[in-house]
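What follows is a single chain, given as structure tokens, in the form predicted alone.
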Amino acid sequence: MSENASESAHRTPLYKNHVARGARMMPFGGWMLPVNFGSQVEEHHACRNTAAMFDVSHMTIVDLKGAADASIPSTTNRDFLRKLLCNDVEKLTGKGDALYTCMLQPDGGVIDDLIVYWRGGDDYRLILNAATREKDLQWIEQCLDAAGDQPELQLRDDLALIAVQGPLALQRFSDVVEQTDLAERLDQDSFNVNAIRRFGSSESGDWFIGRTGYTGEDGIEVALPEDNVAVLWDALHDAGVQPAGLGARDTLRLESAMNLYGSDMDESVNPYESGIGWCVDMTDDSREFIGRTALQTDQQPQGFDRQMIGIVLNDRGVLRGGQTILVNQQEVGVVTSGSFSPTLEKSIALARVSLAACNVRSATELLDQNCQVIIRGKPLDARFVRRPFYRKRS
């Protein structure tokens, strides 16, 4: 890590707290963030078995506000988002509902993946990736200008964001809120986290809870004012919630086959080629979202030659992004992201392969078939498997 990269990176409101707790810090997406607080594997297991928390304040929070005067005729934010996003916000029928989706280029390439929340009326909240912040904001502004819209676009850099994930996440968060002075700042009816539906949200003032996450476990993501975040973080820590860093966050999301932007998808591939074709909604023939025409050329996932699949390494080694995949000694694809799985105790990876090169019509025909991955110049035995690698216990 260069000193310049460290000095120029932004710092979250919890930066000093992390350093005081001995976290190993590194730059990521323009921010200085904790890689781990000790044992990355212990942090991973804490999320799977009890509860862990992640400082994700580097994520970009953008609010789209409805017109103050509803009598002024204009294109609504809902109309705008139906064009901007490949998934359809018409699915958001209950206040607080959340939706996973992508912004696409006209050629179908993925600009970014995000979550959009409906806050009631014509108000929406978008949670964007940190590393794509400037690109995303420029694209949204460009699309607004093209549509002739001037809604209130508000960057919420005044908010911090904590993810609390794991089987005991909801209970431990509830206990903390009830047992500290935080309860005095909140509308308790709004913050009964067990009453928040999966992929739903609730809010009280500037506190916002989404029952979402990036680990494959149940849990919540809490946006709150910066001056409240250290109090909540410390209280959760005292209640037994394990602080966790980028390392555990990556292995958790990989086990759950959740894509990482810049590795598993980017502007050079469309959602079908990235294994997230399920977030493309074409049911409304009249909805002309950006990228639809390019995707309609091959409406079915099998219409695209490149497909995502899981890989488990049979030999000893570690799977990493960029490694070449062979079938019958022929190059068929590349690992997009990989790591050692603490839960499975095996090296696992997401990979993009060519169906034609594999001589199959769909990725399902490859399941449980053998392949090889070139690691440090040597072909090691592996096999194709179904995603995700891990499913949450019911």
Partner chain sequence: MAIPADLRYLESHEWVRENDDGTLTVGITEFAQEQLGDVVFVETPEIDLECEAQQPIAVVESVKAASDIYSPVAGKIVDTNAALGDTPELVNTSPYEDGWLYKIQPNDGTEYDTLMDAEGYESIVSSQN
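Positions refer to the first chain, counted from 1. The structure displayed is predicted, hence computed values, not measured ones.
Below, we refer to the form predicted together with its partner chain, which is not included among the displayed structures.
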(message) Only one of 79-87, 226-234, 263-271, 312-320 has heavy atoms within 4.5 Å of its partner chain in the predicted complex; I'd like to know which.
(response) 312-320
(request) Could you tell me which one of 35, 334, 360, 367 places a heavy atom within 4.5 Å of its partner chain in the predicted complex? (result) 35
(message) Under a 4.5 angstroms heavy atom criterion, identify the one residue in 383, 386, 11, 24 near its partner chain in the predicted complex.
(response) 24
(request) Look at the candidate spot formed by 39, 340 and 378 and say whether its partner chain comes within 4.5 Å of a heavy atom in all three of them in the predicted complex. (result) yes
(message) Using a 4.5 angstroms cut-off on non-hydrogen atoms, would residue 307 count as touching its partner chain in the predicted complex?
(response) no
(message) How about residue 259 - does it come within 4.5 Å of its partner chain in the predicted complex, if we only consider non-hydrogen atoms?
(response) no
(message) How about residue 202 - does it come within 4.5 Å of its partner chain in the predicted complex, if we only consider non-hydrogen atoms?
(response) no
(request) Although its partner chain is absent from this view, report whether residue 251 comes within 4.5 Å of it in the predicted complex, heavy atoms only. (result) yes
